[in-house]
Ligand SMILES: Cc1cc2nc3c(=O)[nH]c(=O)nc-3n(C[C@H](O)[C@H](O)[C@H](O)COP(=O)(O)OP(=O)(O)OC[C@H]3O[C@@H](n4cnc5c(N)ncnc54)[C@H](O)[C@@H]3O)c2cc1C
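Coming up is one lone chain in structure tokens, specifically the form predicted alone.
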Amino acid sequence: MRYVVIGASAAGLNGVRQLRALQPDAEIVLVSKDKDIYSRCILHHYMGGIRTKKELMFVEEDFEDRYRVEWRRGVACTGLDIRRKQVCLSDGGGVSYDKVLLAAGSCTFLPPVEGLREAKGVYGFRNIEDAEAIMEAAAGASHIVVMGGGLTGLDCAAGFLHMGKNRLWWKWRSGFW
């Protein structure tokens, strides 16, 4: 039996652990656009210099060996060919499967505000690449707008405050989207 797990965040990694516990002899392939395993929940600590990239890691150093998982790092799932039972990958390849666990997490939602998607300096806050792009752009910024008052928006604002950015504008109100 071959399982393909899509996503290397907490859900995907715990899925790998449980699959291995339940299916000791199964083949498990982990597919993730990420090249490292890290906690997205504390990215604001990375932004604010509280933690290093290494300190964001939350799995055993021998995760791949311990759970006998083949990790396809740095490639995203672009689709599923359910007739051929194959996961399509961003590098043009594919991985056949018997069963798939979709644990890819969420993606940034940009509200339908005219010109927002095309505007320069607009970032999502979902992964390490987003955080690094934000940190680079914020280094020279004197004013920062955070859109969204959920946990992600609050975490991003906390990261800015830890960076010493205290001129934040919050754009949230009920029914805004």
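Remember, it's a predicted structure, so these values are computed and weren't measured experimentally. Numbers for residues come from their place in the sequence shown, where the first is 1.
There is also a form predicted in complex with the ligand; it is not shown, and the following applies to it.
S.K.: Want to guess which of 145 to 153, 49 to 57, 132 to 140, 113 to 121 is within 4.5 Å of the ligand in the predicted bound form, heavy atoms only?
M.R.: So the stretch in question is 145 to 153.
S.K.: Is G12 part of the interface with the ligand in the predicted bound form - any heavy atom within 4.5 Å?
M.R.: It does: once the ligand is placed as it appears in the predicted bound form, G12 has a heavy atom within 4.5 Å of it.
S.K.: V4: heavy atom within 4.5 Å of the ligand in the predicted bound form?
M.R.: Because no heavy atom of V4 falls inside 4.5 Å of the ligand in the predicted bound form, the answer is no.
S.K.: I'd like to know if H45 sits close to the ligand in the predicted bound form, meaning any non-hydrogen atom pair within 4.5 angstroms.
M.R.: Residue-level check for H45: no, no contact with the ligand.
S.K.: Quick one: is E64 in contact with the ligand in the predicted bound form, heavy atoms, 4.5 Å cut-off?
M.R.: E64: no, not in contact with the ligand in the predicted bound form.
S.K.: The ligand is absent from this chain, but in the predicted bound form, do D34, A104 and R126 each have a non-hydrogen atom within 4.5 Å of it?
M.R.: All three within 4.5 Å in the predicted bound form.
S.K.: If you apply a 4.5 angstroms heavy atom cut-off, which residues in 79 to 100 are near the ligand in the predicted bound form?
M.R.: Nothing in this stretch is in contact.
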